[in-house]
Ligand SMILES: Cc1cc2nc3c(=O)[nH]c(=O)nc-3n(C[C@H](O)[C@H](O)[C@H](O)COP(=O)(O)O)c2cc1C
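Taking the form predicted alone, here's one chain by itself in structure tokens.
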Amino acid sequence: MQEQSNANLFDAASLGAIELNNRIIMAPMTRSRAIGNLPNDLVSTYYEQRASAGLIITEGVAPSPNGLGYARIPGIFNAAQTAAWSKVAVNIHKAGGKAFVQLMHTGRVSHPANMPEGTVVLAPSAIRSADNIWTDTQGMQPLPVPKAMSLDDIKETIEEFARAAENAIVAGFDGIELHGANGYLLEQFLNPHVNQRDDAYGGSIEARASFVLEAVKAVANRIGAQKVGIRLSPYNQYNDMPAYESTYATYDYLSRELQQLGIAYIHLIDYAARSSEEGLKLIDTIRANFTNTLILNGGYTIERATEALKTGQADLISFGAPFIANPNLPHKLRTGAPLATADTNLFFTAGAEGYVDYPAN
């Protein structure tokens, strides 16, 4: 049972080693404005406009060239990218905000047309997703069959996460979030229908979770556990992730192991879990297993968010789409001002429209 709390969305909060001005988190959202995989001045303006969030978690940022799955997503694996991100971090901090970089390796959710030469689409097993993906040069394309990662690939990918995390700290960010949700590489290892390996990284729950836990440990060792979070989405079927019977046991185990690693937070996308009694139980189990910060995400209104904080089910609440059209979302939530609606047709386009042109008030 969770302990009752007097916290509300507008209270300050501690997160690892940093202090947040409020408990309203800007969730990571792919926006596809990074031409040449570099965050540009538009990207910097976009995040600076939203710095009143207690914490900004950036869009998914590739830790390596192999992780560049979508068109125009940024990386943080080379000096030019790190320098470009440093401008973003400086502007967020000048505006009074805090920010973590989300490290997202897309794994099999990728296409060579969106990747540099010499890269390869990687996954736990050579099982393609049935989905299609947008490419700027070839339009919509079916996702290819990925290469099953060798043990050397696994070792190098884990090191890439650690180097990218170090780059994020060098760039001036407050920490990083590993994207272990929504059907990308980390979650691909957790799902037994997508991960059909017969070595130490496949089969049992413990084996399927080992890649995730080794990546978390490597990053924590490199930058400090209190600067590390992870995003999870139990029962997720996005990106052609089939449901599986051991979901509850998998995330029960994973959350207990993450507790032992002492990371700052788990960021839980809970909307799929809330569709079943088992899923609702799992949310409570993760809350009990993991005693550091728990962030919940999943279409929260101010009423639902307030209830989750008061009952102790969550410490922080993240909001996604409302931040797109409402750069000053915390102010609007506090004052009860009506929320603007984002134009979904402009979510993934390349320019300023639908990105930095929403009014601040």
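Keep in mind that what you see is a predicted model, and the values were worked out from it rather than measured. The first residue of the sequence shown is number 1, and the count goes up from there.
This protein has a second form, the form predicted together with the ligand, left out of what is shown; the following refers to that one.
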Exercise for the section: Specify the contacting stretch among 48-56, 306-314, 331-339, 29-37, defined as having any heavy atom within 4.5 Å of the ligand in the model of the complex. Expected result: 29-37
Exercise for the section: May I ask whether Phe77, His111 and Gly183 all come within 4.5 angstroms of the ligand in the model of the complex, judged by heavy atoms? Expected result: no
Problem - Contact flag, Val212 vs the ligand in the model of the complex, heavy atom cut 4.5 Å - result: no
Exercise for the section: Answer yes if any heavy atom of Ala99 is within 4.5 Å of a heavy atom of the ligand in the model of the complex; otherwise answer no. Expected result: no
Practice task
Determine whether any heavy atom of Ile302 comes within 4.5 Å of a heavy atom of the ligand in the model of the complex, and answer yes or no.
Solution key: no
Handout entry: 4.5 Å heavy atom contact, Phe10 to the ligand in the model of the complex
Key = no
Practice task
Consider the chain as shown here, without its partner, and state which of Ala162, Leu282, Ile269, Met115 has a heavy atom within 4.5 Å of the ligand in the model of the complex.
Solution key: Ile269
Practice task
Select from the listed residues Ser64, Asn297, Thr293, Asn326 the one whose heavy atoms reach within 4.5 Å of the ligand in the model of the complex.
Solution key: Asn297
Problem - Those residues of 310-332 which, in the model of the complex, come within 4.5 Å of the ligand by heavy atom - result: Ser318, Phe319, Gly320, Ala321, Pro322, Ile324
